[in-house]
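Coming up are structure 1 and structure 2: the same protein chain in two forms, each one given alone as structure tokens.
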Structure 1
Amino acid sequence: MADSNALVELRDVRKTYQSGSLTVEAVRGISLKVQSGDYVAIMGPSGSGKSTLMHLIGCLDVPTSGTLAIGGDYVGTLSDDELAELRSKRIGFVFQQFNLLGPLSALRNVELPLLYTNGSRSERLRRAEEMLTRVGLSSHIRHRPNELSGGQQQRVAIARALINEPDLILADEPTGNLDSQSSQEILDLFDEFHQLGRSIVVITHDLEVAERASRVIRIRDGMLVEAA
């Protein structure tokens, strides 16, 4: 039985990549729970399996073995449609490279996740504008990504991640490309989200990021490093 109180539960999860004749064991037996309202930082050296772990938690990839449950539902039992719905409604993703669509305005980028929901176009645009206002970009809604600074682009990406009111933000090195002032602004937005009782899992090299989290998990060679 999956723990229905846990937002995310991994049990002995492994992920093996096969590239040609080479086998890479990126994640080697990780068990982990994230509770509702948790703010977890995942730290570890480059190549230790952090991004792979985040892809697994976010259901962007499937484990080679072991189980993953989100909100008590085993992900392996869900259909593709159910998985897509879970990803789009419950999880907001934030990446180091922002991953915005270049030809689209900030407003259109933030509107994107709403295209799969009901509601009129004017309602979608109203919500997208409101979310951009919340991240401090009300005067930049018509700008395209290349007309924005890195910090502004990441704020657009966060607005996009939050537009469907997810339970969980998954962020992979969200401040990795930002100056310290912009990093602080991003972390302040995460704090606001966390204070609403929502959950965050953030992968980071940055101790300042980890200090905002409620707990830090360390990973090395695809395994959790037990606290001393």
Structure 2
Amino acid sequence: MADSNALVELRDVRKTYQSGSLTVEAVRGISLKVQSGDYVAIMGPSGSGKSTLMHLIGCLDVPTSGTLAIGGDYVGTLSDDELAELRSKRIGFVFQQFNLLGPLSALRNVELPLLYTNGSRSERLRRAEEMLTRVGLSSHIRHRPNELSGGQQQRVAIARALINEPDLILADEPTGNLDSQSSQEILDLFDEFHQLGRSIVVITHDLEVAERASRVIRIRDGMLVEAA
């Protein structure tokens, strides 16, 4: 039975990929829990399995063996449609590359996750504008991504990730493409949302980013080597 108090729970999770005749075990028996309100950094060198672990926690992939539960729901028992719904409602993604749609304004980019809800267009735009204001971009809502700095684009991405009020913010190297000042601003924003009760998991190789978290988990060769 899954721990109903844990937001994310992995038990002896393994992920194996087949490439021709080669079998690659990217994640090798990881067990961990992320509680509601946690701020966790997952660290590891290139090839350590941290990106695979992020895809598993984000329900972008499913374990080869072991169990993964999000909010008490076992991922392995869900259909593709149910997984998509879980991702859209419970997880907000922030990526290193921002993944914004170039032809659309900041406002429209943030509105996108709301298109599948029952609200009116005016309500969607109101919520998107409110979220952009919360991340300090009230004067940039009509700007397209190429009219924004890297730090501003990442703020748009964070606003988009938060618009559906997910249980978990999952960030993959969120400052990797930013200068030092923009990186600090984004980390300050994560601190602010964590203090408001958001749960955050950051995948990073940057110690400065990890030090902002309440807990650091280190992996190497697909296995946990340290969980503070």
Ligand code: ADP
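Sequence positions of structure 1, starting at 1, serve as the residue numbers. Since this is a predicted model, take the numbers as computed values, not measurements. We call the rigid core the largest set of C-alpha positions that still match within 1.5 Å between the two forms.
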Would you indicate whether the form predicted alone is structure 1 or structure 2?
2
Does Ser79 move its CA by 2 angstroms or more between the two structures when the core is aligned?
yes
To one decimal place, what C-alpha displacement in Å is found for Ser19 between the two structures with the rigid core superposed?
2.4
